[in-house]
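The chain below stands alone and is given as structure tokens, in the form predicted on its own.
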């Protein structure tokens, strides 16, 4: 990673904030006070920091999950579906074992089943890519929509809770409090799970033969094949591991934060963790440890923007616009090669001078 890249990302994030300020101004909100208050609300108070850390947990886990196949240039866009199916499996086993098993057993079973659910959801598009040559971007994306409607069906029918049925708010029954992931000083213990996964995947990619082969595949499949790397086996393993970890994010969300399988979360892009995870991972240069920082930053921006909605009375749509703009410009900071842009600009200017001299 080039040293100048992080500074470049910060530069583009500032541009995103500046452009966002025009939307605040249009809503009769002082841009400077609005942006400062947004940052302060997300990162400057104890309550804000706690909310930011809790909201970042599923973002961290899903982003780390997609880093694994991304390292080999296999574009898993299906993190959202794998996350949802993992949450389905976790909710099912959690409610089924509630009261009949010790909480530790219920939690471990939910972790295992959520991993299995996410991995199973990642299997079909991987097989279609490796054996039939289908585009993995399309198939993994389509699997997301299937998962969304599967959740819709389950929480409105077979898994609908009695209280939710009475209030007409589609969701499962609530995970009993003894089986929920506990909080420590307001922060859910799921943050520990996220950090452990981040460290484990960092070492897997950087310091194991499997990780080396994935990185080699990302540079060139032909080179990896000549080096003796088993391409199909590695890709299956990478995708199943990726889907499984995304499934764990679903378990942590249900057992630690939402305490039920909720349909309402699927209607908002800000809680569609499988989609948000993609830019978070790219901004972190596909580094699992940097992904933790990237996810916390965007969770804080989102929390601060929601506070703006309450304090200044701005529209929820504007909150999402601000969040999206900052994320888009951060990705531009990763992708744009400023040196190349500068050279093209100088070359164009030189050509204009030459043409002017000729005339």
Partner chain sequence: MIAMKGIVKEFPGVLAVDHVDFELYPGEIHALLGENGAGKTTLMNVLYGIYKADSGETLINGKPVRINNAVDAQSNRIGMVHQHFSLIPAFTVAENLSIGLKDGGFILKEEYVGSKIKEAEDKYGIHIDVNRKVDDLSIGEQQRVEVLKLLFRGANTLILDEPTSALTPQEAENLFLSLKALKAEGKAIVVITHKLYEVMEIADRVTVLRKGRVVFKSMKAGVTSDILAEAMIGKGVELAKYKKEEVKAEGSLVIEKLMVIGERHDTLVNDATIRLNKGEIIGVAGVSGNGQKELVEALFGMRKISAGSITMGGKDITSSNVKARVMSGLGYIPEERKTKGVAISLSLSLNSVIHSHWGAPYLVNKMFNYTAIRKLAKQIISKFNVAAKSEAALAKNLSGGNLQKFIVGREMLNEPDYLIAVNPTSGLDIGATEYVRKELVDYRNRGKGVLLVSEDLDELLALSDQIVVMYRGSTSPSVNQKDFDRLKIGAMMLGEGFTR
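Positions refer to the first chain, counted from 1. Being a predicted model, the structure only gives us computed values, none of them experimental.
Beyond the structure shown, there is the form predicted in complex with its partner chain, which is absent from this document and is the topic of what follows.
The shortest heavy atom separation between residue 93 and its partner chain in the model of the complex exceeds 4.5 Å. For the chain shown alone, residue 213 is a contact residue for its partner chain in the model of the complex, at least one non-hydrogen atom being within 4.5 angstroms. Shown alone here, residue 203 lies within 4.5 Å of its partner chain in the model of the complex, counting heavy atoms only. For residue 223, a non-hydrogen atom is located within 4.5 Å of its partner chain in the model of the complex, even though that partner is not displayed. When you look in the model of the complex, the only residue of 104, 184, 227, 196 with a non-hydrogen atom within 4.5 Å of its partner chain is 227. Only one of 215-223, 185-193, 84-92, 110-118 places residue heavy atoms within 4.5 angstroms of its partner chain in the model of the complex, namely 215-223.
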